[in-house]
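Given next are two forms of a protein chain, the same chain in both, each as structure tokens and marked structure 1 or structure 2.
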Structure 1
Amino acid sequence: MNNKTEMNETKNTQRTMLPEPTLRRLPWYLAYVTMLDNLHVEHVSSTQISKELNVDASQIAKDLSFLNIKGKTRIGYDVHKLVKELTDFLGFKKKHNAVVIGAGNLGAALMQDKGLSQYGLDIVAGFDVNPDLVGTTMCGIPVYGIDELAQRQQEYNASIAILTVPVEHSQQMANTAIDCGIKAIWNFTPFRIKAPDDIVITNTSIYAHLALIYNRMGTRK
């Protein structure tokens, strides 16, 4: 086994074993150090990052150590190298084809969000049951009938489905996507999708976040 193969296997193991809270913090670090890199700042310490992001400096150092990234005493981290290491590790440079299932208001907004492509997410098509949407395009992205998903999946070979359908259709549409070869579902519905163990499910609940905001606001009255 050569060194490159060993390195790739090590990175794959790191992705598998990385604690989820750490994985959620890494994009925060990337956004901040990218800003520094654009300002031509050469080095940054975990203390500086801590002050800006309100994350304990020791936690930052621990998170970065999972990636075998270590700063130098009295110097800190090399900003440009840190940007590259985080970007590579998070997979933002690799393109991932995705489809939106549910091209209504939220789905349409995601299809029109060009910023997602900067993080490797390439939305190639939308699918819906609304005849007013089927056959249209959104920012150059075609919208098809949901009954065309299997056929179009052969063309687009998408690995990710973004689910933005009404809650009562969530599980059914997730099943349809999985049956068509989708490997991961980014679920924007409040329904907890059931799927085989080898399918990646990530839930982004706007309503849950609203509930959290309202609750925290209420406790401060």
Structure 2
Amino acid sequence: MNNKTEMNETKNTQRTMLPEPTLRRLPWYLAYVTMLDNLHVEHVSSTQISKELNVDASQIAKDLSFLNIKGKTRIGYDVHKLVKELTDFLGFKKKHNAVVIGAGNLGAALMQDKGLSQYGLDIVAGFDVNPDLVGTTMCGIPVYGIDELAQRQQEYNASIAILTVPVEHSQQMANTAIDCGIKAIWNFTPFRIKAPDDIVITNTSIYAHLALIYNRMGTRK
């Protein structure tokens, strides 16, 4: 086992570009160990996590090697410390300012989801073209006209734009957001956004997930 080298290479690496599958699994581990922590369980092994989550134990050990935590032989990881390390590592403790672009339907829904702030996402404002929405607040969050984005950005300095506009406006609104200094776009539209390389684009394709459910239900009857 020359895990040591890997550990050294990847310690203090909040800024390491983690593999996407690892980033997908780490929140599963966090969910599970948070549950254990609430039940006052003190230690957990990768074998235990493996049984519960159906992920290979060696994969779990590898994923967790990115973190600044070491399991003890025969005892496993300190649960409380693991919760803390995972939360920090995933960026859920830090506050990230975000704006919602498109404050109808899904956009409005996300503005009303208080759960996101527990994961470090602080929605500070919404933007829309609909005169019925502009000037209102949703759960205390103000909604402005989209033409105010540049000006408001100076005030809020948000780094993330949550894109929930109708698909035909996706690209144009993404461009506007980027021009206003947005660094990452969380794209909920089914449109493939094009952006410069230094802009982070993450797609959450809820309609594709629906299509997947429908298809799988159809074939499993």
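Computed from a predicted model, the values in this text were never measured in an experiment. Between two forms, the rigid core is the largest collection of C-alphas that superpose within 1.5 Å. Residue positions are counted from 1 along structure 1's sequence.
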{"property": "Index of the chain form predicted on its own, chosen from the pair", "result": "1"}
{"property": "Distance the CA of Ala211 travels between structures 1 and 2 [rigid core superposed, Å]", "result": "2.5"}
